[in-house]
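In structure tokens, the next block holds one chain alone, the form predicted on its own.
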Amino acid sequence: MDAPTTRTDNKASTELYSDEELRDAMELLFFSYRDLIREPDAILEEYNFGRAHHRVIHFVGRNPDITVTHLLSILRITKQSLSRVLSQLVRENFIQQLEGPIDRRQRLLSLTQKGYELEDDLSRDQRNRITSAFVRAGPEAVNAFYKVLLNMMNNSEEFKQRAGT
């Protein structure tokens, strides 16, 4: 993978792309994200949940038995913020916490059946929207899209592609 572009590369990028092109890309990201989260936001509202709940459900669902420490490192939020959201998700039976097999102080998080059902509801429209966009754009564009997103990350190693993707 290519190293992400840093702020020190800014002069080179402004020579390659106009300010207008860069601002257009920023605007496209904004509008795409706004529309991508519209449906999940409506579902979350029904549960009195917010986007933080969605992020926790997503990453716990993608990483069964994830530790609280690892989840904190992914989300880059405070323990206090996670505790509030996680407590509610556990209390309402969307997430279960188990003690670690070696260190009983370690908490392993997994979705419950109810949590998997909510995760599926939250991601269904998003998966359909992304599938449609991928099909219309074609495989070369999809590969380029992945490269662009990976290169925008500070640490592209955080994203672990699953087998077969």
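None of the values given here were measured: they were computed from a predicted structure. The numbering used is simple: start at 1 and walk along the sequence shown.
We do not show the form predicted in complex with the DNA, though everything after this point is about it.
Q: Quick one: from 132, 32, 67, 113, grab the residue that has a heavy atom within 4.5 Å of the DNA in the predicted bound form.
A: Of the listed residues, the single hit is 67.
Q: Considering only heavy atoms, tell me if residue 46 and the DNA come within 4.5 Å of each other in the predicted bound form.
A: Outside the cut-off, so no.
Q: With the partner left out here, check for me: in the predicted bound form, does some heavy atom of residue 73 sit within 4.5 Å of the DNA?
A: Outside the cut-off, so no.
Q: Report whether the minimum heavy atom distance between residue 140 and the DNA in the predicted bound form is within 4.5 Å.
A: The answer is no: residue 140 has no heavy atom within 4.5 Å of the DNA.
Q: Could you confirm whether residue 62 comes within 4.5 Å of the DNA in the predicted bound form, counting heavy atoms only?
A: Residue 62: no, not in contact with the DNA in the predicted bound form.
Q: Please identify, from 32 to 40, 114 to 122, 49 to 57, 132 to 140, the stretch that has a heavy atom within 4.5 Å of the DNA in the predicted bound form.
A: The contacting stretch is 49 to 57.
Q: Select from 92 to 120 the residues with a non-hydrogen atom within 4.5 Å of the DNA in the predicted bound form and write them out in sequence order.
A: Read in sequence order, the residues that approach the DNA (within 4.5 Å, in the predicted bound form) are 97, 102, 103, 104, 105, 106, 107.
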